[in-house]
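Take a look at this single chain in structure tokens; it is the form predicted on its own.
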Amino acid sequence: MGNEFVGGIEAGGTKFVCAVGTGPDDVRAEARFPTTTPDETIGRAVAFFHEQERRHGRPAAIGIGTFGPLDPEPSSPTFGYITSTPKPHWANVNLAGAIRAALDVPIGFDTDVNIAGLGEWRWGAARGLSNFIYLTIGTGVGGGVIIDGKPVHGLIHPELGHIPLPHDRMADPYPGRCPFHGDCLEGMAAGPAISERWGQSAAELSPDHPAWQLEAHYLALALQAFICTLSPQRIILGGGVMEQAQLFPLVRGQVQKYLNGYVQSPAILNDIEDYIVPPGLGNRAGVLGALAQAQQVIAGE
């Protein structure tokens, strides 16, 4: 994979981030705007790339990391589509096709979390690793599994945010807010669930609020399951909720407690501060990962 001049789109449920460049040290232009209707939002993205082509030249490819669910299989007739998302107006939208038709460049397409994980593998907290998990805990909860620089796909793509969790309804009667599963990981631990349960947004809660112990409990249950099933070399936790710095030590401690010494690895037993970590690229992991994906497209990887 080289350092070709490319474009990237981080298509989030709240905002789009578009950029052109070759990597973290060479982002020549970047734009952020709200995710509204498909026509309006895709139109703004296309206008951004047309403007940058006039200024900097034509990108060799564009990588797209988007909220889902989506179809990442190139041989599928619905490749490039956002599929069964609950986000209003965005179900069954051909995002990759619209960008390709407007700009006539090769397109890469995957989940936003897979792409953010790719950025972390190329330039961030996962450099040098052969396998790891990138999780985002924000408006939703999603996870990417990266092995040897490649996101894992199967029937579609992993949906780590929708695993079921043990739920003690006596201790926590909140039913969960996932429209599909109720009290799955996303339904219990995403930012909107925190706001709905406590009547305040995560950013408004004090660091010693009981919300954080409960949040750490649910996240640690999920991480215990991922460690036992996937055995990742590192877990990277991003997203707006994880900007609460007090969460990391709480989650690490709960993970050790729930594993109870079963996974006999120094990474868990002695060095968990270096095992469960924030993104090395911060909140730019997604858009930078889209650039890395575009470069993989060019290289045929």
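Quick caveat: nothing in here was measured; it's all calculated off a predicted structure. Quick note: we count residues from 1 along the sequence shown, nothing fancier.
What follows is about the form predicted in complex with adenosine-5'-diphosphate, which we do not show.
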| query | finding |
| --- | --- |
| Proximity to adenosine-5'-diphosphate in the model of the complex (heavy atom, within 4.5 Å), stretch among 76-84, 156-164, 132-140, 113-121 | 132-140 |
| Listed residue (A202, C184, I227, L219) with a non-hydrogen atom within 4.5 angstroms of adenosine-5'-diphosphate in the model of the complex | A202 |
| Partner-contacting position among P106, G97, P175, G191 - heavy atom within 4.5 Å of adenosine-5'-diphosphate in the model of the complex | G191 |
| Partner proximity in the model of the complex: P69 to adenosine-5'-diphosphate, non-hydrogen atom cutoff 4.5 Å | no |
| Residue contact check: V251 to adenosine-5'-diphosphate in the model of the complex, 4.5 Å heavy atom | no |
| Exercise: G239 in contact with adenosine-5'-diphosphate in the model of the complex, heavy atom 4.5 Å | yes |
| Non-hydrogen atom contact W212 with adenosine-5'-diphosphate in the model of the complex at 4.5 angstroms | yes |
| Stretch 7-30: residues contacting adenosine-5'-diphosphate in the model of the complex, 4.5 Å heavy atom cut-off | T14 |
